[in-house]
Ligand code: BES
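One chain comes next, on its own, written as structure tokens: the form predicted alone.
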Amino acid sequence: MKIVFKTGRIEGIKTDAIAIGLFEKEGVDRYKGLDKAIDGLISNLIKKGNFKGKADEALFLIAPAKLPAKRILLLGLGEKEKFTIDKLRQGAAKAGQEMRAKGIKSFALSLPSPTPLPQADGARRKGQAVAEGLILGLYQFDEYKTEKKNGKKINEAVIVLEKKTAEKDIKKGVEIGTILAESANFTRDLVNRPSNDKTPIMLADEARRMAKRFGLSCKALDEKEIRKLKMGGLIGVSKGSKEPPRFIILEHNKNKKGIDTIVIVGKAITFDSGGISIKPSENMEKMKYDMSGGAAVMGAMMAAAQLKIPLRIIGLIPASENLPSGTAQKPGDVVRMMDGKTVEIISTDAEGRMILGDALSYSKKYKPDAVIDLATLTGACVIALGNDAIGMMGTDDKLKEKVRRAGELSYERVWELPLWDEYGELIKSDIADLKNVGGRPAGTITGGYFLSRFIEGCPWVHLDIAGTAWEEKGRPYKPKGAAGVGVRLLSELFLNYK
């Protein structure tokens, strides 16, 4: 879909359809010209209660012959006082979805600005939100459908500007929003793909193709190289599967000096059965999503390259399958990690922290200014925070604040959990340095605390995306399935790092 701009009144735009956003109880003041051109039809509908402007309300009208557009979509935006950048994002998504459902190929939209917009970059933020909403909202995963979803596709969306004064900033926002949304959709594709088509080797191949396309450095360490690094956590998790592990390394601005270095680490269990500590069969098919953190790292690297972020960014993705077999790791085993620490395996279903522990140890070789990991780490995080918040823990207040701010801008919001030393008592082992689970109490926190033992001395933040990486019901710009969470959050962090 192409996003273009036109200056003028929306009633003068020649297109298949136009979409206008209306607030609850506001009337049609913002679109008096359009209402007058169609003989007061919109104001009469509002007056008679046929359209109230409630959030997600949508009503299509056949445009009279004298209007250049063929149809008009009235889109409810809810209460004006509660309209935010994310409501704008949602409104754009809803407009696109309604147009596609009607088979419309080209449409123009005019959506109001949130009040207040961010002071310094309000126009850019508005353009970015509209582009993100349109592209994220129109996402469909039909790679495995023999009949594509109705074949309906929008070719062009026109953003209507009444004045040219903010056009440059809005266009810049659309450019950024397009990159972020397309990168998130790339991540969604990876996560939605079934595990028989995304083994660790296949994921590494996908990383190489993406890196070549966008000018990133990429290498994927094989099992022999992983063993040479003594990554006992990654090797141990992989023992039950015939599919060998990979350790994927992506780099942006690899050879540039004098710039900050950020390492992002993503858990990539391409399928998680739980291993010997096997999961219940119900919903196990969704465990193809357990590589969402690694996929988010790939999407964020793709965005960073296109945005030409002036930072050195390294993406580390330990990739493995966690399956039971005669060679699989067992409860009670003791594993030696890359940094020499020993871990008693209590549950083979706490495998994500094992592969991340090795990756975090490896990250320190870059002498990073910041390290951030993303992982569908614990079901306990879903119980604690539901599906709207990412669990955050970390060792550096400044970095946590930057992540929190990026979460608000992207609306991939984080909520901090404590990382007190007392929680470390729960993962002390009688026969090793650590054990990989600490029981039911504070399961998300003990998972984070376990990771903290492998990144000591570096500014670090852990993001548990278990509750946010998969969308069960479908929301305005989050269709059912993979949410692509983390890509836009990390991208906002990169864009506003200083």
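All residue numbers are counted from 1 along the displayed sequence. Predicted model, so just to flag it, every value in this text is computed and none were measured.
Heads up, the form predicted in complex with the ligand isn't pictured, but that's what we're talking about next.
- Interface residue remark: S183 is not counted as part of the site for the ligand in the model of the complex, having no heavy atom within 4.5 Å.
- Though the partner is left out of this view, K279 does reach within 4.5 Å of the ligand in the model of the complex, counting heavy atoms only.
- Among residues of the shown chain, I455 is not one whose heavy atoms approach the ligand to within 4.5 Å in the model of the complex.
- Although the partner is absent from this view, V437 contacts the ligand in the model of the complex, with a non-hydrogen atom inside 4.5 angstroms.
- Of the candidate stretches 122 to 130, 202 to 210, 86 to 94, 289 to 297, only 289 to 297 has residues with heavy atoms within 4.5 Å of the ligand in the model of the complex.
- Put simply, of P310, G103, P418, G379 only one has a heavy atom within 4.5 Å of the ligand in the model of the complex, and it is G379.
- Between the options I72, A303, A350, I390, the residue in contact with the ligand in the model of the complex by a heavy atom within 4.5 angstroms is A350.
- Taking a 4.5 Å heavy atom cutoff to the ligand in the model of the complex, the one contacting residue in 239 to 268 is K267.
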